[in-house]
Every structure is written in C-alpha cells, then in structure tokens.
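The data below hold one chain only, encoded as structure tokens and taken in the form predicted alone.
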C-alpha cells in the first residue's frame, strides 16, 4: 500500500527524482571502479617480491669503459666486499623496483606458434642467488658451469630458475623441471623452481601476474656490469650502503654513481610506489566527495519534500496514519529512488570497466565490488533521509492545518 502511494507521489516529481537517481547512478559507477583500482594498487604495493629486501642494497655505476669491464667489476666488487658490515656482494642485471628490466615474449614451442606471454629476465653472477635470498622449492640451483656470458640479450640456451606461478602458467599440473621455452632468439631449460620473484616494475600492467619472472645464471661481462647488489644486517643497511657507494666510487673514480638508483631495497620500494600512494589518495577523495554530495542531495530533496507536503502529511495523520507510517513512507520513497539509481549505476559501472580494461588492462570488475557499492549507497540513502523522515513523522494534524 505504502509503495503504491509513493509511486503515485513520485509521478508528480519526476524530474527531481530522476536527477537524484542519476546522481546515485554516477556515484555507484565511480565507487565500483575506483574501489577496484584502489584495491589493485594496494595489492601491488604490498606484493611479495621474493627477495630479502630488508637486508639488500644496490650500488649502481655508469659511464664505464666497455674495454675495462672485467677490471671494473672486480675492483667494484672487491671495494664493496671490504666495507665493514657487507656479508655478500654480486653483479646483477636489475632488482625489483629498479630499472626497466630485460623483458620479452616467450613461446612454448621452437616454431613460436604457442605464445606463453611476456616475462622478466633477471640475470646475475654466482653469488646473486644467495644475495637475493631466492627460495628454491623444486629442482636444483645452476651449477658453476651454467654461468655463461650474454650473447645478444641473454646467455645462449641457458638453464633457468622459474617461479612457481609461471611454471603453473606454462605447464598446468605438470612437472616443469627439464621443460623448455623459447624467446629472445634462444631456448631456456628449467632446472629449478623458486617460490617468488616479482617482475622488476610491478603494478604497471606489464605482466598478468607479478611473479612472471625467471632467473638466468650469467657470467659478468660487457652486458652485465655496473649494478652491484650487497647484503648487510638490516639494522645497519643504510649506513653500510652509503659506505659501499663511497668505496665503489673511490675504487673506480672515472665511473658515475647513479645516486637515484643507488639505495637500499626498502628505499627503492618506497620511491617506486610514491605515485601509487598519491593515486590511491586521490581516488579515495573522489569516492568520499561523490558519496558526500549524494548524501547532501538526498537530505536536501527529502527536506524540501517534507516542507512541501506538510498539509498532505497532516491529512494522513488525521485519517489515522501513525508517525511510524509517515517515517516509513519517506524511507520507502528514498529506497525506490536510490535503488533505481543503483541499478542503473551497476550497468554503467560494467560499461566503464569494459572501457578501462581495453585501455589500461585492469581486471574485470568482481561481483563483490558491485555488491559493496549497492549496499553502501542504499545504507547511505537511508541514513541521509533519517532526519527529514523523523521531522515529517513529528508533524501533527493541527500543525499541518495551521501552516497549510
């Protein structure tokens, strides 16, 4: 009965109800997709890189004469290892949250018919696996003879360590040990499986999963120099890293220290996700602003309708309607308007999500975000209409007649 009365009343206020429903629709679509982006970025910020970040730092040199590679690598490593507090040092191609990695598309057949995706290739010397703290879960580590120099982009036909996630992606349910994949004009043979090793620049949509990485044992040379990984006690890591930079610079005075890239891994992670933190803050502000504007719109319209309908409310009270009936009337009216806006908003949310998926490779909008947005807006609507509805319920028949 109440619903029928509300619908009849709303027909007289079509435009106001429609505009409020459209505001709810827009809020719902933005709420769904902004929440998805926030969750995606937050997850990326807290991903497990698979390495012992708290005890690692990088010293990066550039401007090195290629003819002096062997000498430079040896002098740099020797200088870094002599720094008090350094427990290990090695040459690597890159580290997570560092430079753009060696990345390439790979296939599961030599004829390149069966594409397997785009993955990151980490390369490092014999000490790199121990320095990084990679956790082997199956197979074996590369032997001393497996470390070869880079030919074009990677060593020729090398054995590799593959992450558990990537192995399952390549060969679901199968033992990956001994299997091969192809890319970068060579083939790679899996000799071991590691627990985690994130891509170097996670969260950018470059890979389907942050763990799509492999480690390639590599001999230092002209294409593997200048990036040195050191390990130290986490409590003294910052001090040790600073001393290591000075030691490397003193050992090779003609080299240029890359100040931005020479830092501890915790510092590199913090810098890497700085823009992500700003983006999360902006998206959160947009959500709060939209919800606040929607709540104010509901309060304003409900208050206006209560003032406009005082005589109508008084008449209903005189005919036997209770305060509870009047209160529920405005609640139902709000639920119908907000509910209509939410239904339209859910459709709009999926349309916006499709566009974002095509342009920015974000995942499909999960149903739980849709449910969260719908419940939040319906609850917000009921909370916003509470005060105006109480005010309407308090109107007495005599008051309505006097003011009507």
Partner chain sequence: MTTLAVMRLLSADPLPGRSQHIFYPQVDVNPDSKGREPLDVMDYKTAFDLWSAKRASQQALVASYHAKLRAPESTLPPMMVSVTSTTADFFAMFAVPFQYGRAWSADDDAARARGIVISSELNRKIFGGANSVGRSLRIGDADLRIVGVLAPWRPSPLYYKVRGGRFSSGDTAYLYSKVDDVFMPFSSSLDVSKGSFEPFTCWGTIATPGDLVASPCAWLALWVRLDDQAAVDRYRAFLQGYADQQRLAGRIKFSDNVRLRNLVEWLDFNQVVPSDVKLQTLLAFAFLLICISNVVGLLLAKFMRYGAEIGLRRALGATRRDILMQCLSEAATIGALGGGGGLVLTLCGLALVRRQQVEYADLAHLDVTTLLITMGLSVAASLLAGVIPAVRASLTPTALQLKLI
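Positions refer to the first chain, counted from 1. Every value quoted in this text rests on a predicted model; they were computed, and no experiment measured them.
The form predicted together with the partner chain is left out here; the points below concern that form.
Taking the partner from elsewhere, no residue among 150, 221 and 339 has a non-hydrogen atom within 4.5 angstroms of the partner chain in the predicted bound form. Across the options 273-281, 142-150, 209-217, 326-334, residues that bring heavy atoms within 4.5 Å of the partner chain in the predicted bound form belong to 273-281. 30 is the sole member of 346, 36, 30, 51 with a non-hydrogen atom lying within 4.5 angstroms of the partner chain in the predicted bound form. For the residues 26, 47, 372, 357, the 4.5 Å heavy atom test against the partner chain in the predicted bound form is passed only by 26. Under a 4.5 angstroms non-hydrogen atom cutoff, the partner chain in the predicted bound form lacks residue 74 among its neighbouring residues. Although the partner is absent here, residue 304 lies within 4.5 Å of the partner chain in the predicted bound form, judged by heavy atoms. In the predicted bound form, no heavy atom of residue 133 sits within 4.5 Å of the partner chain.
Proximity of residue 174 to the partner chain in the predicted bound form: non-hydrogen atoms within 4.5 Å are absent; the residue sits far from the partner. Residues are counted as partner-facing when one of their heavy atoms sits within 4.5 Å of the partner chain in the predicted bound form; in 165-195 only 185 qualifies.
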